[in-house]
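Take a look at this single chain, the form predicted alone, given in structure tokens.
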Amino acid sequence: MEAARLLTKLEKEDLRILMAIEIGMKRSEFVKVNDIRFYSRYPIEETLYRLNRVHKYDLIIRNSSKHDLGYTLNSKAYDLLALRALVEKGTIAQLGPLIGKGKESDVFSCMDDKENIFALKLYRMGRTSFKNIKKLRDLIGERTHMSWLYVNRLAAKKEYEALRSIYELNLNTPKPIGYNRHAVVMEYLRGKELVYYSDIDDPRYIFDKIISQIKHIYQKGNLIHGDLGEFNIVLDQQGNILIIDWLQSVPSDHPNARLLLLRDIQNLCNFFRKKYRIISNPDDIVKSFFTNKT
């Protein structure tokens, strides 16, 4: 990742300028030079010098079409700020290769100083995601102006908190290690999404295990995934399961909780029926969530 390589080249003053722009982006997409000067507490000469430096490193976007010159961070700059914070905290020490890429996130391998292997997830919900505003409604509320940085930050926080709640249920799922801005660090499960398996041993056992985990998360963790399918269930060779992508999750007391739970179960039942000929009744499964407390 280019952002990781730039960490060693930037000076602390450069990073301060980037953070000043980050602060300003809470109010507007492009931050005026005078506002950057104010947030950074630098003289105007130093502010302009640092802006030129980080612009040459392709970390900011300049908007000169309006009367007032303004700057905004790009995703590379946001990656850099998150990585720097995680390194300073001792959460990670080395970044590895890209191991997963989705519509809304990238996943890299990484390690800490003790060579523990983690997965680093970076949310990538850019401006195009705002077209699907209903998907983000529970996350951002009714606010009309929302920085894409802040949306990704909220998404990472929600994912981390969901994973932490699930980990506390002792379901043999990876431990969430930490998060910063749009980045979430968790223990690495050496598996792949269910959809990418051409075949699995004993699909009925895996199906029942997934249902059991969903039920346990619902009953003890009070969470419903809200967008469950074969693309966000990770399975390893030992049969361990990790349900990922909790962006659309809702609490069990949500007004549409039962409807969303049924939809999740239907998606899972349809996948196993079509691919592995596992016949099940989604309505009966959902009923068991309310009658059989684990």
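Here the structure is a predicted model, which means the values were calculated and not measured. When you see a residue number, it is the position in the sequence shown, counting from 1. Rigid core (definition): largest C-alpha set, two forms, superposition within 1.5 Å.
Note that the form predicted together with a small molecule isn't included here; everything after this is about it.
Checking 174, 96, 221, 203 against the small molecule in the predicted complex, a heavy atom within 4.5 Å turns up for just one residue: 174. With the partner omitted here, the residue from 85, 151, 107, 111 that has a non-hydrogen atom within 4.5 angstroms of the small molecule in the predicted complex is 107. Among residues of the shown chain, residue 119 is one whose heavy atoms approach the small molecule to within 4.5 Å in the predicted complex. Under a 4.5 angstroms non-hydrogen atom cutoff, the small molecule in the predicted complex lacks residue 264 among its neighbouring residues. Within this chain, residue 242 lines the site of the small molecule in the predicted complex, having a heavy atom no more than 4.5 Å away. Among residues of the shown chain, residue 100 is one whose heavy atoms approach the small molecule to within 4.5 Å in the predicted complex.
Of the stretches 265-273, 37-45, 22-30, 228-236, only 228-236 has residues with a heavy atom within 4.5 Å of the small molecule in the predicted complex. A displacement of 2 angstroms or greater separates the C-alpha positions of residue 240 between this form and the one not shown, with the rigid core held in common.
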